[in-house]
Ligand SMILES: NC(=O)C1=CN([C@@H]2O[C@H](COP(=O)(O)OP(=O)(O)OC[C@H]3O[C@@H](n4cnc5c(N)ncnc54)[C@H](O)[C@@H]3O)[C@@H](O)[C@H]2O)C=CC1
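In structure tokens, the next block holds one chain alone, the form predicted on its own.
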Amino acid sequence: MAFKIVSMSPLPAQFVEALFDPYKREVGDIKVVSVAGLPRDRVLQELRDADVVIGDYTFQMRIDAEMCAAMEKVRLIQQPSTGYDHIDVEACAKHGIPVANAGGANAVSVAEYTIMAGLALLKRLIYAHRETVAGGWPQWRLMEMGTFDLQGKTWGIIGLGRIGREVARRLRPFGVSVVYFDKVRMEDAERELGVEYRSLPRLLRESDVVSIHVPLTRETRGMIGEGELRMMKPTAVLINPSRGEIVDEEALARAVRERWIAGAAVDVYSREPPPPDHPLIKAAAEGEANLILTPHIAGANTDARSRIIQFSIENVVRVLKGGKPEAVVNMDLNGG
């Protein structure tokens, strides 16, 4: 009898199944069924005898309470990404189904993107490039607008999880002061990384660069709104490679346009892809806006994708062999 894996990913079932080929000697036959694009009743039918579900890395196919109820045999829902806000994790827990994400597989990638974006914003690199390519020579204008070193500045990290810690590690050689806010103070991390805890309002007031690294939850939705943006220095910049709904996008567009802050880099949006009339798209079209917009790529480069796939496949194999999954986000499997 083959193990059945239901894949909600848009990747072809044959491709996903081939990823398990090196492990079939250990676990036996594996059959992958793709349900992407199928009618809901057919999806529910396929879930009833599935052993494992692989989530949709595009976040388009949601896993809700009704789907959880249909998962009579499922041992694991493996989400091949860091984010999992399209999955009703509470309903999964109620039915005893662990949900795992890809752990810190893309933490380094997001951290590198974050520091790159911070440097580009402080140097106004996008504006300098655009004007030079257009035939201008904006040297004096850049001096008037202000470009800055990272050395000697204060970098505020919101969320000191895997990604936040990788950002802090990579900031050490730059000679910056690093402060952080998290819902729980982490004194061990403070000693290890040389970072200092701040309340969120104090972090926003003190920091020259603020980067966001928290998951989307009830508590973090709308975490950064107009009030928080107005707390920031007019010379400060904001970076969001986390989730679009964490920041009030309309308020951020106004903050950049009206220069409450000096700039922002955004890799995630409340709707993806963002429509042409999205407030940040419109703000970026203005000539001197210090605004970097990217298509949700911070944690999705080639190296990160390879690590995510490898971790996800190995986690599924671990469960099929009778072991406990790693990186579970909705329950404690160790009884702690």
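Quantities reported herein were computed from a predicted structural model and do not represent experimental measurements. Note that residue numbering begins at 1 and tracks the sequence as displayed.
Heads up, the form predicted together with the ligand isn't pictured, but that's what we're talking about next.
For this chain, the superposed copy of the ligand, brought over from its placement in the predicted bound form, stays clear of the backbone and C-beta atoms by more than 2.4 Å at every atom, so the pocket is open. Between 237-245, 122-130, 69-77, 256-264, the stretch whose residues reach within 4.5 angstroms of the ligand in the predicted bound form through a non-hydrogen atom is 237-245. For the residues Met232, Ile224, Val214, Ile97, the 4.5 Å heavy atom test against the ligand in the predicted bound form is passed only by Val214. By the criterion of a heavy atom within 4.5 Å, Met145 is excluded from the residues contacting the ligand in the predicted bound form. The ligand is not drawn, but in the predicted bound form it has a heavy atom within 4.5 Å of Val268. Mapping the unseen interface onto this chain, His296 counts among the residues with a heavy atom inside 4.5 Å of the ligand in the predicted bound form. Looking at Ser207, you'd find every heavy atom of it more than 4.5 angstroms from the ligand in the predicted bound form.
Using a 4.5 Å cut-off on any heavy atom, the residues of 181-204 that reach the ligand in the predicted bound form are, in sequence order, Phe181, Asp182, Lys183, Val184, Met186.
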